[in-house]
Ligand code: NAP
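Only one chain is shown below, in structure tokens, and it's the form predicted alone.
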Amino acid sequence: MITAKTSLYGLIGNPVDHSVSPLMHNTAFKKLGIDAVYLAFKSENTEDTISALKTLGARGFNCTMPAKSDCAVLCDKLSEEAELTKSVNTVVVEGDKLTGHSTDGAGFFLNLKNNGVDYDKNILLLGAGGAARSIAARAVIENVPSLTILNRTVKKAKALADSLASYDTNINYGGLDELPEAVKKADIIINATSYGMGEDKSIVDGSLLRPDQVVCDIVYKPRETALLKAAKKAGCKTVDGLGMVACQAAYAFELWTGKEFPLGEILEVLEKN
């Protein structure tokens, strides 16, 4: 029951009506007996929406597209990953101060670990948007040996690679025309683009894949994308995007509440919806 003492959390961006974040966080609040509610707010103006949330006394919120970059600018302090990516998906509100975090990358790698994947390997990352930047930043923080970033716009791939140049990871970048050769050298392939969302098309030709590779897709609707279908047919280990969604939420939840997120139960709920 919502009371006068109920804490407010939420999601801002546009669109937000498809998000599973309210389901995850409200389920977690109920499970742990936390007097809080999580709501989704369609935002046309990020600065105005954040100002309204602060006025309402919100304790924290998530940012989805197109608000991630704006949130990074509007925060008073950024975590290491948020600073690297200039993108924020989780904000902690303390008084009048906002601290921005980027939990997508940490969530992605936690999901790999939970799926038994050793990621001390050569990684091929497709995309250079908000989620891709977070995954790339976490990859170099985790000190993976090699990271190749391919994007439709090479300039964006280069900018991302350049921003991570101070780390020990060997980083390469290029356009999607280099994908066939890059796939041959990769141990783990990550689709961090929206390619495959709502369409039965794979960004990677299945004939290029080997059984010893791990293929991941951050798209979670559909749960099994055309890329993952092609990868399974090729005998690859596959990791879908649903676990990443839950794991990034786990990091956000713990930043806000200091409590351990009931990850197993949340995954069960997501699989039923």
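When you see a residue number, it is the position in the sequence shown, counting from 1. These numbers were taken from a predicted model, which means no experiment stands behind them.
The protein also exists as the form predicted in complex with the ligand; that form is not presented, and the subsequent description refers to it.
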Candidate from L228, V219, V204, V214 lying within 4.5 Å of the ligand in the predicted bound form - any heavy atom:
V219
Check each of L112, L176, A182, I141 and return the one that places a heavy atom within 4.5 angstroms of the ligand in the predicted bound form.
L176
Looking at the partner-bound form in the predicted bound form, is G60 within 4.5 Å of the ligand by any heavy atom?
no
Does at least one non-hydrogen atom of A132 fall within 4.5 angstroms of the ligand in the predicted bound form?
yes
Please tell me whether any heavy atom belonging to R152 falls inside 4.5 Å of a heavy atom of the ligand, as the geometry stands in the predicted bound form.
yes
Is there a heavy atom of Y119 no more than 4.5 Å from a heavy atom of the ligand in the predicted bound form?
no
For the ligand in the predicted bound form, the stretch among 206 to 214, 40 to 48, 27 to 35, 219 to 227 with residues bearing a heavy atom within 4.5 Å is 219 to 227
Looking at the ligand in the predicted bound form, which residues in 228 to 246 have at least one heavy atom within 4.5 Å of it?
G241, M244, V245
